[in-house]
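So this first bit is one chain, no partners, the form predicted on its own, shown in C-alpha cells.
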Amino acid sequence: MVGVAKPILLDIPESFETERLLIRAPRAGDGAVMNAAMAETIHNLRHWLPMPWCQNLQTPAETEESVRRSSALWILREDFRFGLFRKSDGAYIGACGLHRPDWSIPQLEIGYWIRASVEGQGYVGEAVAGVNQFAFETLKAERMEIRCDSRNDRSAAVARKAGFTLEATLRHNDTTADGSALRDTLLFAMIKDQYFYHKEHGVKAT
C-alpha cells in the first residue's frame, strides 16, 4: 500500500542544515525578521506571486500572525514553510516551502523566494536542494514538483539546476500575479527513483 495514512503521526525534524544555511520550521517571534526581508523584496515578488502578502506589504504584526498560522499547519502536516537563516550571522534571507502535500502518494510542491540583497549568491539553489533531499529522504516523498510562471526565467533555472524535469507547459491555467491576464505555468517534477539514481551515481544537477 502506498501513501501515508496518518501524516499527523509522523515524527519530522523541524530543522536541518546545508553548507551555508540553517533551514527550519517557523517559530513565534519570526515575524519581525521575515517582514523586514519581505519589505526589501516585495518589488520582485509582486510580479510573479499572486499571494496577498506579495502584492501589498503586511505589517510586522500581520506577518507574525502568518508565521504562527504556518507553525500550526506544520504541526498538522498540512504545509511546511521553512525559514532560511544564514549560518554565518543568523540573518533571515528568505523562505523555501513544501506545499500542497498529497499524502496518498506522497507528493509535494517546492516554493521559494530570497531577499533582494542576497540574490545571485546561490542561496536559492542550495535551499531547494536541501529541501528536496528532506522531502525524499525524511518525508519519503515519491514525487516532487516545482511550478512557475513560464516567463519567470530565473525560477525555471532553479528547477532545472536542481535536476527537475520539465513535464509540461500548462497553457492559460492561471492568471498573472496582478490578475490582469492569463498566463502559462511550467510544471517541473522529480520522482524518487530519479533522485536516488542521481545521488547514487553522483549525477550533479545542472
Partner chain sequence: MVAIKNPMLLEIPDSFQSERLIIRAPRAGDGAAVNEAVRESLDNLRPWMPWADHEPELEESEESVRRGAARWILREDLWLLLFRKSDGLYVGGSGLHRMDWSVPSFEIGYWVRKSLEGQGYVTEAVKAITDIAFMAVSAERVEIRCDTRNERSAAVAKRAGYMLEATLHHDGRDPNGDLRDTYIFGMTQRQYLIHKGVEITE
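Note that this is a predicted model, so its numbers are computed, not measured. Residue numbers count along the first chain shown, from 1.
Only in words, not in the display: the form predicted together with its partner chain, which the text now covers.
- prompt: Taking the shortest heavy atom distance, is residue 11 within 4.5 Å of its partner chain in the predicted complex?
  reply: Residue 11 belongs to the contact set for its partner chain.
- request: Evaluate residue 157 for contact with its partner chain in the predicted complex, applying a 4.5 angstroms cut-off between non-hydrogen atoms, and reply yes or no.
  value: Residue 157 lies outside the contact set for its partner chain.
- prompt: Any of the heavy atoms of residue 105 lying within 4.5 Å of its partner chain in the predicted complex?
  reply: Heavy-atom contact with its partner chain at 4.5 Å: absent for residue 105.
- request: Give a yes or no for residue 6: in the predicted complex, does one of its heavy atoms lie within 4.5 Å of a heavy atom belonging to its partner chain?
  value: Judged by the heavy-atom cut-off of 4.5 Å, residue 6 is in contact with its partner chain in the predicted complex.
- request: Verify the flagged residues 65, 69 and 72 against its partner chain in the predicted complex: is each one within 4.5 Å by a non-hydrogen atom?
  value: Yes.
task: Find the only residue in 61, 166, 36, 57 having a heavy atom within 4.5 Å of its partner chain in the predicted complex.
output: Here the answer is residue option 61.
- prompt: With the partner removed from view, which of 72-80, 129-137, 93-101, 116-124 is the stretch that lies within 4.5 Å of its partner chain in the predicted complex, judged by heavy atom distances?
  reply: Residues of 72-80 come within 4.5 Å of the partner.
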